[in-house]
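What follows is one chain in structure tokens, specifically the form predicted alone.
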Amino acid sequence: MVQASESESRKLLVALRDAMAEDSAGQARLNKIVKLTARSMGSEVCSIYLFRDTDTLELCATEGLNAIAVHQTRLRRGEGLVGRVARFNQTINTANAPASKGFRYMPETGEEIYSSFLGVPIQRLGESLGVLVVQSKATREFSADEIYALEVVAMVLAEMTELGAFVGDGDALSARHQKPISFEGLSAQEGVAEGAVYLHEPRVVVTNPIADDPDIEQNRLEGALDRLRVSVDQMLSDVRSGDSEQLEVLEAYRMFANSKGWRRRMEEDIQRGLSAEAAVEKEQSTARSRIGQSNDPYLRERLHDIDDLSNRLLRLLTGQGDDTGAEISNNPILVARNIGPAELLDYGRNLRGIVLEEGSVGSHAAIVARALAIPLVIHAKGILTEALNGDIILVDGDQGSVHLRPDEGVLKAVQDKIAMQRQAVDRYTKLRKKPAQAKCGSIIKLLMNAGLMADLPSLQSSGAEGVGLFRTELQFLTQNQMPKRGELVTQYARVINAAKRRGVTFRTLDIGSDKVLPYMAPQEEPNPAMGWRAIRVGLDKPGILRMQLQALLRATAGQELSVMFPFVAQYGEFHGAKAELHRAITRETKLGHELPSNIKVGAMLETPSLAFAPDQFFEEVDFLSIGGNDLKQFFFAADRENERVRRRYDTLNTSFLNFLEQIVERARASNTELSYCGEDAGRPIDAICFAALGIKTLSMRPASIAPVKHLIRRVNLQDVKMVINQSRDEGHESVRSSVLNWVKNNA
């Protein structure tokens, strides 16, 4: 058996490159590769198996086995020795294949005369594309050098498969990135969109996996590693000493960047004939395969560090940096691992949709996406490995699914869904200036939620009567330092002017929980949703609250100010916050500044405890807004960030409606204005139920106003209340089915 030395390995790779450079079809290239590899390895057999679909391997080329078996022999993932290599992404090296665990005899191949077997996965970034096999009649195990040489060939095969070098007849020969693939994630913002992939941080596709001169590649790698280490050291020096979490991450980065083992393995890859880029990606793929199978959460987290460093190194080697020069299309759908609010705002409303590998329902990105009404799917695992700039992509934010390079059937189905939504929008246009008046004569006030200046044009286009909630925290979240009071005055004044005398209710800073300011030290809390957040921060750090209240007073001088305090759990917190407002008013008066013509002070009812506050609270507060998203999670003890439980409890659950009815009665008794604010208010069936219970003001995202108004105008709210009461009397856990059936037959 010929030993595959470094020199032999380079010769093989050069021969492979020359074979692939020839103007020949995909099958011809595969045939040349197996012949060259068998000859170089001194083995009688070399075979390439590629995935035909996610679970089926197909023999696509062979030297030594029966030619008739090509494109006929298929194995399931995990079936036979080849299937086991693919399933576990691990090499199998055995001197006696027929006696090995999992062996399956395939008679059409004629492999019964071969004893030794070496199979290595063809993988890219931990994703299995197929299996490369060599076999021999001699009963022996292959050496470490031979295994290494075959792994290098498999690496080149993976890159060439990614680039479409083996496109030909049969799905198994299609380029990996040309195949349709779907991802099931989580919905973080509803809506459906069709567009083209735009990668926030485009991954580098290695186009030159084989190099001529190892010394040149070695120098390129050393130079890139030096620049990488300098950039990591610079990041460390830029981090404030108090930010222990960031320091810990960057220290891990520095450890990897200075790893001698990582560098040595890449140098060995280069000596075998790989380019510097291919060497980096080979080690990245190996690490992904190894760590990806670990159950250790710490090791799995470190995989992100390895990926990030490898990608940085690849960009340094290719000179791409973060900007690859890819043009953004007319219908871009942003694909990223994660993204901050400021970066997302830079893209603005140009985006048709957003897909994240990570993220959370309450993340800053989700908040901005909801403000911009852009469909968002999170936890779409693996999409960064598959997606390339310009790929056709469909985002279904209603279902939490993503279709990359969809086939005609899926594309047509989603396009039909988009067309139906557009037709509905056209139907709703004529309702824009009409009131949300039910058949019984009741008029429901429909307001919109906002948080950005870009939201304000929706006041006109949506038919909203005002802004029921303006989230002031977005101005804080999108900056790297605390905004100045003058900046806030300018911002709030622009909001008031853009609203054109329609009412705007400003919610004071709601930070904490999932919304952490980038310039504040993070608080380690076991349950941040129930921790130091919102008005609790404002009362403990009154300087921030006072500055914001002063800015609101100045911005609304001579006009009406409506201000609302978030996450009030008891009367004393509201009283304390209102006292801060009075101090701000006193100070502005002393300074001679003009005050608002009228000031209304309200609170968000987001905790069950506030519903049972003393009568004095209900008499003192000018208005109450039920914060449905938080109230529901505390009422049902179901974390809205936890996918296992957040959809488990229905807003139209009888217990929750009974609770809402108690709040309505208390507000009515004290003549307190009451509204419902949240995602559920924007769902037509839920909206008519709230209205039937006596909640006469609903605040929602702009896109929901028209469909909610459409249904309200088609129903008699007294009849809806009768349906709710009957369903409750019958002991139903939720009234949703009863109301839905009634609407289908009567609206």
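Quick caveat: nothing in here was measured; it's all calculated off a predicted structure. Numbering starts at 1 and runs along the sequence shown.
Keep in mind that the form predicted in complex with phosphoenolpyruvate (PEP) is missing from the display, and what follows is about it.
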item	value
Residue among D650, D630, E111, E465 with a heavy atom within 4.5 Å of phosphoenolpyruvate (PEP) in the model of the complex	D630
Contact assignment for phosphoenolpyruvate (PEP) in the model of the complex, among E159, E606, D269, D396, heavy atom within 4.5 Å	E606
Which of 31-39, 674-682, 714-722, 49-57 sits within 4.5 Å of phosphoenolpyruvate (PEP) in the model of the complex, heavy atom basis	674-682
Contact of E217 with phosphoenolpyruvate (PEP) in the model of the complex (heavy atom, 4.5 Å)	no
Interface membership of R640, phosphoenolpyruvate (PEP) in the model of the complex, 4.5 Å heavy atom rule	yes
Proximity of R507 to phosphoenolpyruvate (PEP) in the model of the complex, heavy atoms at 4.5 Å	yes
Non-hydrogen atom contact E473 with phosphoenolpyruvate (PEP) in the model of the complex at 4.5 angstroms	yes
